[in-house]
Ligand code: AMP
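Consider the single chain below, provided in structure tokens and representing the form predicted alone.
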């Protein structure tokens, strides 16, 4: 592995996932400076962090900026620039990139493309059909409920919808409303011009993360369980994620190996046969059903808020893993750079603005962050707070809510009751007028029985 001396890194993205990544990156002795584009206020308080210019958000701007600042590695957080092919422009300029090329990123950019790839690779997934028009979608809905009136139907926008373009319709009326919202009212813009209509799977969800070096090398990272529904008891609308737990319940070493062989390696092989340059993380969203594991989706980046639960468990240096992935050769990764994981559970709960994932107000003054930070340092790192959508009031120095999912609070402990109790005490200390979180995720008297696919 090259780069024994510290080097400059550029992180693209500025949400909760990127904040969690930034904290791990700057902890590495290999990181000389971390440039973040775009730069939110919360990142400014992190050591080694510098701002990238606004023009760096375009492909040409990123290339020019990377050359100007002698960036040795570019790390992508969100999926949108990957789907747009920004990584391709950087690689063409001979700049190392952690993230797949445009072709590989279509696994997330198009759900129909993902389904077709899974089918070609022989990967087990839910039965599905693509609807190219409103009439075609409505006809399928009518046929489905006429043949199977008690079987819910999952309706997904084909394109990117920030985790919100999924509806589990329990009835024909709900399904028709979801179809019309996407294709007639264009609630999700161009993402809903095509729909994927799926069989509804039941069971326990889990996600699995692995790094691919583009040459057949696979480095498994681990499992996470996340909760997407906004309401207590997994009710209400889908969101980008209201909480997560790593490792996922009941996911042992044998199942992790089975996931690699059934869902990671076949897709890696398929991508390489198609000529994709996939050097990045592959996130497999899975459902543990009565018939075995089934694929729900692939993502081409670290999840949010899954990253907030996964990375606190990584005790070793993240940067050598990112670098080896970008260089396309895991064989050069020395033994001392292999990932080392904390055996404890990490639970994360998102604090959001009332109204999310629909309309919500911004600007609420967040209280309790200083108190929690003092307690965190006293607890030997057991609690972490991630800024996902905040800004600092320059006149008062107060932190303000500036988005839907605003904070993510995480804790580590040896078992689930303990981690829930620690996190409940911590999360009750932060918030603002109009904030909320999934109280059932930290309640010690609630059980998680899984959920239908979403």
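Positions refer to the first chain, counted from 1. All of these numbers come straight from a predicted model, not from anything done at the bench.
What comes next is about the form predicted together with adenosine monophosphate, which does not appear here.
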Problem - Partner-contacting position among 346, 230, 201, 282 - heavy atom within 4.5 Å of adenosine monophosphate in the predicted bound form - result: 201
Practice task
Using heavy atoms only and a 4.5 Å cut-off, determine which of 179, 154, 131, 86 is in contact with adenosine monophosphate in the predicted bound form.
Solution key: 154
Completion exercise
Here the chain appears without its partner; judged in the predicted bound form, the stretch of 138-146, 360-368, 94-102, 192-200 with heavy atoms within 4.5 Å of adenosine monophosphate is 192-200
Exercise for the section: Please run the contact check for residue 123 against adenosine monophosphate in the predicted bound form: heavy atoms, 4.5 angstroms, yes or no? Expected result: no
Exercise for the section: Although adenosine monophosphate is absent from this view, report whether residue 213 comes within 4.5 Å of it in the predicted bound form, heavy atoms only. Expected result: no
Problem - 4.5 angstroms heavy atom contact with adenosine monophosphate in the predicted bound form for residue 287 - result: yes
Problem - residue 166: touches adenosine monophosphate in the predicted bound form, heavy atom cutoff 4.5 angstroms - result: yes
Problem - in the predicted bound form: members of 99-116 within 4.5 Å of adenosine monophosphate, any heavy atom - result: 111
